[in-house]
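As a starting point, one isolated chain is supplied in structure tokens, in the form predicted on its own.
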Amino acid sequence: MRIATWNVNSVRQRLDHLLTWLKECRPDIVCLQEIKCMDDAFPREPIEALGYNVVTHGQKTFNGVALLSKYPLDEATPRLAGDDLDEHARFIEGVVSLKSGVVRVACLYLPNGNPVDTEKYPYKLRWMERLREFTKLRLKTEEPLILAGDFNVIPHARDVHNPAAWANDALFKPETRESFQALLGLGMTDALRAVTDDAGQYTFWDYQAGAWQKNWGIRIDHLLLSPQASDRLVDVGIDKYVRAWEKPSDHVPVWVDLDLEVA
């Protein structure tokens, strides 16, 4: 089973890119972030024509997440528990039945948190705390669980071209990285780091200052695996070539292959 994540930065603007990539990569489950549209405006038909079931949690102009699955979704639950007043469309969880049970996939778009001297940064840290509580609860089921999405977290200095330039950024502040490590400390595995320690494994390049051409990137799109999922890890890939397409997203897809037998 191939499970992928991609911040498409407006699904309607990147629809041709998305369809091309879906045909080339052939993922079984896809987590999309920043779809930037309401549910009824999501371009379902051409995606469904490729054999995907589609569920969305949209928001006008901003945020928005979607799950695409080649297999029926037994459940699809929007919103991250822990704050009934949080109206941002940043989270959706889906469940797919397997011969051995189920696999749970949570698609998330974690808050950016900048500027750090505003309410945006405490909101980011609270959101991360809510994600840890969700993960604690799900890990008790001892089922394969994948947290996939744009975490807006640079976990380590090797995950950024110029660490010093990001020292005071919400994505790289010590409190942010500590919170991410606390999530891993629950028993989750950073899929990419399970297969390579190499630096330069970037998933995002800014549109400004020729960042793509200079390879001034950062790694902020992650797939985190529960023990029952990490035990089945076969491969991880970053589809960097997508960033070179005309009018691309500033993020690229990341995927994992898991040895899971689908019913």
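For every residue, the number given is its place in the sequence shown, counted from 1. Note that the structure is a prediction, hence the values are computed from the model and not measured.
Below, we refer to the form predicted together with the DNA, which is not included among the displayed structures.
A.B. asks: Of the listed stretches (71-79, 145-153, 93-101, 182-190), which one has a non-hydrogen atom within 4.5 Å of the DNA in the predicted bound form?
C.D. replies: Only one stretch passes the 4.5 Å heavy-atom test: 145-153.
A.B. asks: Thinking of R132, R177 and S230 as one candidate spot, does the DNA come within 4.5 Å of a heavy atom in every one of them in the predicted bound form?
C.D. replies: Contact check failed for every one of R132, R177 and S230.
A.B. asks: Does any part of R44 reach within 4.5 Å of the DNA in the predicted bound form? Heavy atoms only, please.
C.D. replies: Taking the distances in the predicted bound form, the answer for R44 is no, it never comes within 4.5 Å of the DNA.
A.B. asks: So, in the predicted bound form, is K247 in contact with the DNA at a 4.5 angstroms heavy atom limit?
C.D. replies: Although the DNA is absent here, K247 would touch it in the predicted bound form, with heavy atoms inside 4.5 Å.
A.B. asks: Mark H161 yes when one of its heavy atoms lies within 4.5 Å of a heavy atom of the DNA in the predicted bound form, and no otherwise.
C.D. replies: Looking in the predicted bound form, residue contacts with the DNA do not include H161, since no heavy atom lies within 4.5 Å.
A.B. asks: Classify A49 as contacting or not contacting the DNA in the predicted bound form by the rule of any non-hydrogen atom within 4.5 angstroms, answering yes or no.
C.D. replies: Taking the distances in the predicted bound form, the answer for A49 is no, it never comes within 4.5 Å of the DNA.
A.B. asks: Across 211-237, which residues bring a heavy atom to within 4.5 Å of the DNA in the predicted bound form?
C.D. replies: Contacting residues: I218, I220.
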